[in-house]
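Here we start with a single chain on its own, the form predicted alone, put down as structure tokens.
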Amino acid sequence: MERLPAFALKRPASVAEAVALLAAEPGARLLAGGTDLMPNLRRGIEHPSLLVDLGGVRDLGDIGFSAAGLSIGAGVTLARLAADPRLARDWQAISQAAASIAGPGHRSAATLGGNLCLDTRCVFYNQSAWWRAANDHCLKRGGEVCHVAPQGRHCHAAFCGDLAPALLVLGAEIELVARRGARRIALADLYCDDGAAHLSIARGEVLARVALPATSAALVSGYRKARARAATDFPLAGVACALALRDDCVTQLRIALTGTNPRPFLVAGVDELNGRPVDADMLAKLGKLVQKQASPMRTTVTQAHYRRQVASVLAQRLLRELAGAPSSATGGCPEPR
């Protein structure tokens, strides 16, 4: 890696001050834990004129529980999310996803907002400056060709954040703050299916908070992922699931993926599985839905087909685990009401 480029550093005390700094300097970038941004600076991928350090903004560091649901500041560290007993009890997927990310040192610095806004990754992009220059750069940064799919004009760099799918299956919304005011959108609307421009955050906006509705006692959730090494690595494929059962049959099911596409996303078509038992036939149908919608490309050192198969198997195993179901049929279900 190269030496860090020259930049100015400012530490606002409030979200409003951070927004003002972003608006005043077009070349500014937000800095939270820095576990993703700093390596990109060292690789020469980013060249910000100003870093706006959010570490001193207290409003971003709280977790709030109420009858309406859950509110998490974007500055809450992954270590806090992983260690909170209330999350582990009622929002299991968040706790499990946070605990799975990188290593303890990373989790003590990395934040919720940073993980949601993680840059997309590709073996042709996450390289040193001289390596990328020797390969004529790529479509995502400085080049005109996607080395993954040279005949197309679409960047296939993959989003590899772990918290996004966990939050998607739990119905999360996010609050974005700018000089003109704040807006609240579904977390799914934060992401675009373009590895080179995968976030819909407008210039000058700060992701301030994540909000989730209260969960029912019947809803259980979880997160599982596969990676090349058991620690530190980004997911080759990650799956989150939220499930509710009645009389051993599915009444609510959401599945979300990460690591395979340029954006994290909810798997479409799972509503068709409502009213069914979690048996071998139902799991096979889920596996086909995941395989059809996961579209990994050659963005890692692992084959794309392997990652698609892994995503499918992870989804089936996680659903079976949450349902406590055997692989054999469990019998018929009443019609959904």
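Residue numbers run from 1 along the displayed sequence. A quick note: this is a predicted structure, and the numbers were derived from the prediction, not measured.
Keep in mind the form predicted together with a small molecule is missing from the figure; the text below concerns it.
For the options 193, 189, 136, 233, the one in contact with the small molecule in the predicted complex, meaning a heavy atom within 4.5 Å, is 233. A heavy atom within 4.5 Å of the small molecule in the predicted complex is found for one listed residue only; from 70, 37, 45, 280, this is 37. Contact check at 4.5 Å (heavy atoms) against the small molecule in the predicted complex: none of 169, 240 and 264 pass.
Among residues of the shown chain, residue 308 is not one whose heavy atoms approach the small molecule to within 4.5 Å in the predicted complex.
Contact between residue 33 and the small molecule in the predicted complex is found at the 4.5 Å heavy atom cutoff. Taking the partner from elsewhere, residue 106 is found to have a heavy atom lying within 4.5 Å of the small molecule in the predicted complex.
The closest non-hydrogen atom of residue 100 lies within 4.5 Å of the small molecule in the predicted complex. Stretch 111-119 is the contacting one of 81-89, 248-256, 213-221, 111-119, since its residues have non-hydrogen atoms within 4.5 Å of the small molecule in the predicted complex.
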